[in-house]
Structure formats: C-alpha cells, structure tokens
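Next up: a single chain in structure tokens, the form predicted alone.
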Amino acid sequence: MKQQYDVIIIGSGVVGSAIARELTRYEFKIGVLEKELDVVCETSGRNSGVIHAGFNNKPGSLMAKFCVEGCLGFDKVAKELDIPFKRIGKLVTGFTDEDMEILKKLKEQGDKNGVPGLRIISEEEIKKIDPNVAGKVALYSPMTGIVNPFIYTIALAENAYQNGAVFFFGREVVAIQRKEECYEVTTKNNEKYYAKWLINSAGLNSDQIARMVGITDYTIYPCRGEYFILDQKASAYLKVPAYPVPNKKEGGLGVHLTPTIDGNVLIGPSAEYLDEKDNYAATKEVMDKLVAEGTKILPQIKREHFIRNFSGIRPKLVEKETGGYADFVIEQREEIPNMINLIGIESPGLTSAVPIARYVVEKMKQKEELKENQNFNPIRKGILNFTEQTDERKAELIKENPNYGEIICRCESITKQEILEAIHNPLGVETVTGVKNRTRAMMGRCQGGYCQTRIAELIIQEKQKKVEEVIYSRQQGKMFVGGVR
C-alpha cells in the first residue's frame, strides 16, 4: 500500500511530537517516522527535566525567544495534556566577586529576554529559599519549573495521535528523493513514504537527514552529559534546582542538582564531546566528578543516596574548541521547497518545543493557506496515578477494578491497572521501557529487580507474544534468549 501523506515528520522526540500535535490543528494527513521503537528514546528523555526560564540564552536568539515563550506558556500546555508540572524556582549560586559579576550579567541578559522576577540574592536569602544550598550569592529565578520529560513527550505524541497523526516506529530513514511535487522517503526496511511537506526533526541525526536533501552546511557534534540519580530520600535536602555559575566555554550549564517531579534528585550533567552519536556510557571518572561537584553545592549528599546513572547526548552545532551554544536553526530554503529543516535543537529544546512547533507552522503558512481542523481537541488524559489518590478514592478504585489492588512495582507503588493502561497505550508501544516511561515502574530504588519480569509477563499476556519476543527498549534488544522459569 502506498503511504501518502501531506506531511512527513522525521523524528519523534519532544520537538517532533510537538510539531505533530500542532499540525493536527489543521487539515493535514500526518505521518511521523521514528527509528526507535518509541518516542523520547534519545536526547528528549535524557536530560534534567527542567523548564528553563530563559536567562541563559543570548538576547535576540531563537533560543531565548522560544525558551521564554515555552516557560511562560507551560502551565496551559501541562493542563491540556494532564501532566505533572511544578514551577519551583531555581538558584544559580556563586562564591566569589567574579561569580557575582557573572550573575549580574545573567540577570541583565534575562531581563532583556523578558524573564520575569529575576533577583540577585544574598547568602541569607539563599538559606530562606533552600537552607541546604551552599553559596555566598545567587541569581534566583522564580519561573523555572520541573517536568517528567518522558511523560511530556509521550503526552504530546498521544494527543497528536488522538487528533489524527500516525506514528511509525522502527523506521530509520536512509534515503530521500524529490519526485515531481512530493518527497519520497525510504526507510531501512525498504518501505517508502510520500509527502508534499517534509520536516526534519531528527535531533542527533538531523545533519544526516539534511544531507539527504542536499543541505551539507551543518555538522552535529555529539556532546555527552552524564548524570547520577539519587534516591527519593535525598529530596529532603533539596527544594529547588541549584546550579553553579556557568562556564561559557563548556557545552552545558555545568554540573547542577535538580529535584525531579517524581521526587528523586539528579546530579549532572557533565559535558564531553564524542565521536559517536549513540555512546550512552557512564564512566567512573565522570561519576567521581559528579559526586565531588554535587556535594560541593549540597554537602548532605551521601553515597547511600546514589541508585543509578545515565547519560544523554546534546546535538550541538559548535565544536569543542568553540564551546558554548549556537542558535537553533529552523529554516526553509527556496531551492528545497516544502521542507522545514531543524538543526541543533539542544537545551532548552524541552522548554521550547511548543513555540518551535508553532514557528514551523507559521513557516508553512507562508507557502500555503492552512485549513483549520474543526475537530482538534487539545485535551489528553494521562494514566491515573494511584498513589496520589486519597485513601477513600483508592478504596473506591479497588472496589471498581481489583487491578488497582495489586502492586506490580513495590518501590514506586505502581498498580497492575496502571501497567495494563501503559501496555495498551494509544501509540501501540510494546517495549518494557515503554511501560517504564509511562508509569515510573522500574524507576525506584531496586530499578526493576522486583517488577521487571512481572511487567514482561503482562506484555506477553496482553499482547499475545512469545517470551523470546519481549523487547527491553531498542530493536534487537530481546530480554530472553533461552528457557525461562
């Protein structure tokens, strides 16, 4: 069957998923091609989960504009998508006179960008906001928030799906040809997709996709950031994200501490340029550095709080020797009609995703009149979080549905019903990490030691699979290769 669409989006990270959702406001037939088996498998899910206020970006840049817009508008988006979001504020702390001058410049930059409420505060005020954060002086940003990046991206994609977009997973794009009035997109499994419009939102691989249509101007420089995840017990010591004064030469914001929306604490990220775009290793050298720098900001951290590490990779447009940030590239070229090219969408991409999506739509409107989709519904309901309910409501839920009375993940108290709803998700994802990212099962202290095989059993049961067909996360990532008791 010929796969014909009005728009093909390549990549389903947070930006690709936001573009898909935004485009469903119009009468388009939309296809999304993703090389992984789920949305949010790479950069979009491997970060601090911070909704930035926008003071760290150069005035006049797209980064600054979209970051501020995304932050100010996030309450509405979170409400529409039924995702948890907390605007908890942030401290950028310093210790020296030199740090003070950098903080003043950051505030001045934030003021120019239109960030509300920025203040330079004293050590005494730091202690009032968070008694455990060390620093002689700080920039306080009350607008900064935190979100679960997995749930946010999944929610954008699910709402896009509910409004008509179709997601194709495990489709790595290997060739693109312009044929008459449309693009022919070929995937690794030799399927062909056709569309009038093509949108490159491939993140780390966006430079490769651009080359397939003849744009050779860009090179993505992968920059890895490693993190430690701390047990929820550590959250007692940290109320707000705490950052050091940024080093402009580094490829990130510096090692910082961030409380997550789900009650953990993250330390990281580091910044290390790599040759590979898929090297997600965590190294002893960096882990030791994270411990040293994390305890400098929050001395109460102990080894017993560390439960896991992970890494993410930023798709940077600047080399190590240059350092810092290049602005987002979102372009349309006359010689390559009906193609929107997004390159170098790194931090603050999570915050900026919705404004970026609106910008893409505006660029399309410059070329043709878009007809509004009268049936578009921005409202999406997430999986009910059983542990957040009152005791009375929990009793009612269990009475109505006994699956709420069976705990599958003991660390996070995730019920069988929540796991079942994740397995039967709208996007059709069947991996174990697909369930993990939708429910938080396997994200507690035991990291799946108790619940992982139980989740696999439920996938086998609900999806009528053979045991050897259960996949952890990526293609070829089978969990079981022999007999299982």
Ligand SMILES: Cc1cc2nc3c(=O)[nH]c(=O)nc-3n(C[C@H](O)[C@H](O)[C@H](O)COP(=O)(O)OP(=O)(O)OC[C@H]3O[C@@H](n4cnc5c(N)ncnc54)[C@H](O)[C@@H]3O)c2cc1C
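Because the structure is a prediction, the values reported are computed rather than measured. We number the residues from 1 along the sequence you see.
A second form of this protein, the form predicted in complex with the ligand, is not displayed here; the remarks below concern that form.
Colleague: Partner absent here, but in the model of the complex, which of 361-369, 281-289, 205-213, 156-164 has residues with a heavy atom within 4.5 Å of the ligand?
Modeller: Partner-contacting stretch among the options: 205-213.
Colleague: Of these, S201, S141, T93, T415, which has a heavy atom no more than 4.5 Å from the ligand in the model of the complex?
Modeller: Looking at the other structure, the residue within range turns out to be S201.
Colleague: Counting non-hydrogen atoms within 4.5 angstroms of the ligand in the model of the complex, say which of T431, Q452, N425, N47 makes the cut.
Modeller: Checked against the cut-off, the match is N47.
Colleague: Taking any heavy atom pair closer than or equal to 4.5 Å as contact, tell me whether G135 reaches the ligand in the model of the complex.
Modeller: Contact with the ligand, no.
Colleague: A20: heavy atom within 4.5 Å of the ligand in the model of the complex?
Modeller: A20: no, not in contact with the ligand in the model of the complex.
Colleague: Is G312 close enough to touch the ligand in the model of the complex, meaning at least one heavy atom pair within 4.5 Å?
Modeller: G312: yes, in contact with the ligand in the model of the complex.
Colleague: Heavy atom to heavy atom, is K107 within 4.5 Å of the ligand in the model of the complex?
Modeller: Flag for K107 set to no.
Colleague: Quick one: name the residues from 152-172 with any non-hydrogen atom within 4.5 angstroms of the ligand in the model of the complex.
Modeller: Heavy-atom contacts to the ligand in the model of the complex: R171, E172.
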